[in-house]
Each structure stands twice: as C-alpha cells, then as structure tokens.
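Just the one chain here, the form predicted on its own, laid out as structure tokens.
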Amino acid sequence: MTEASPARRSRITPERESELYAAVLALLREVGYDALTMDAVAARTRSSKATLYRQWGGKAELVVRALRHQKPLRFADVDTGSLRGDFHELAVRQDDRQMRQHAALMRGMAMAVHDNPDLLRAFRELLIEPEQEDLRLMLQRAVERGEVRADNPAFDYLMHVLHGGIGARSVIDELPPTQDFLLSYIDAVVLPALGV
C-alpha cells in the first residue's frame, strides 16, 4: 500500500469521494471500527460493495483514507515564516467542534489498530508516515531559518509529544482538545522542547 490510490477501474469525482468519506466517518462515530462493515458503507452511500472494494481494497484503507481526507492541512503546506507561526496556523485550522470529533475518532482508532494488522499498516502508511515526513520538512525549514538546531534530540520525539498531549487531554483533564489548549501547549511544551 502506498500513498497513491491503487489502480482504479472507475472514476469517482472529488465531490463524490468527499461524500463517501463523510459517510464513512459518520458511521465510524456511530458504531466504531470493529462494527463498521462494507455493507453498511455501501448502504449509507448508495454504492455497490464491489465499487468500494475496487476503489479502496477494503475497510482498513477506506477508513484511513477518510480520516486523512478530513485533515484540514498538511504540516508541509504551512509556511508562515516562523516555526511558532506554523504550529499556531495548524492549531487554528479546525474549530473546537471539529477537534472534539477528530479526537474521539482517533481514540477509537487507537484501540482498533492494536487488534487489526491491516488497519495498523494502513494507519502507518497513509497517516503516520506522511505526517512524519511533512513534519520533517517543516522542521527542516526552521533549521534553514536558524530557528532550531539540526541536531536537536527532540526531533525524534516530536510526533509523540504532539499526539500525546492531544490524546492525554481527555484522560487527564476530562476535556476535549481545543484551540486554546493547543496554542498554549505549543508555546509551553512543543516549542521549548525544540529550543524555540
């Protein structure tokens, strides 16, 4: 499995693809990953199961592509001229309601990947690895601007720090992540870890 979609026999318009992804995410919120079936997706989207399998290969890839599609912006696409500005721009691209929904989905997915090797593989290949590469490019720009040392040991743990803070918010504070939380977390934890 690669970042590019497998060879497709039929064409789906970007609008239809967005509709399908929205329906998959709605079902995922309603029933969770384990109970989500391709039959349910086909019924909800008025598609044939054959079309869904032809386009996405299976449930794991379809779900992970739907999750990736809903992300408002890639790390590498943000370049405000400063690392702090880049992180802040990413933090405000989703409103609090969207962040709450995304955090709930990701909590459910975090549990599901432990029991499903296909889902874990799709999750890593289609979400984690591209996000790590995007973050690497964003940090490289900060190194070139002289904001961060190239040998900063925090680079290897930055994804852990970013996802850990967001994930721990609901467990420790019993609150969803919000823009205010993310902005203060970036300033108090992420940037100091990078020496900014």
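In this text, all values refer to a predicted model and were calculated from it rather than measured experimentally. The first residue of the shown sequence is 1; numbering continues from there.
FYI, the form predicted in complex with another copy of the chain isn't displayed, but the following is about it.
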{"query": "Close approach of Arg124 to another copy of the chain in the predicted bound form, 4.5 Å, heavy atom", "finding": "yes"}
{"query": "Contact test in the predicted bound form: Leu83 vs another copy of the chain, heavy atoms, 4.5 Å", "finding": "no"}
{"query": "Contact of Ser170 with another copy of the chain in the predicted bound form (heavy atom, 4.5 Å)", "finding": "yes"}
{"query": "In the predicted bound form, His114 touching another copy of the chain (heavy atom, 4.5 Å)", "finding": "yes"}
{"query": "Non-hydrogen atom within 4.5 angstroms of another copy of the chain in the predicted bound form for each of Leu137, Val143 and Gly146", "finding": "no"}
{"query": "Any residue of 88-120 that, in the predicted bound form, places a heavy atom within 4.5 Å of another copy of the chain", "finding": "Arg107, Gly108, Ala110, Met111, Val113, His114, Leu120"}
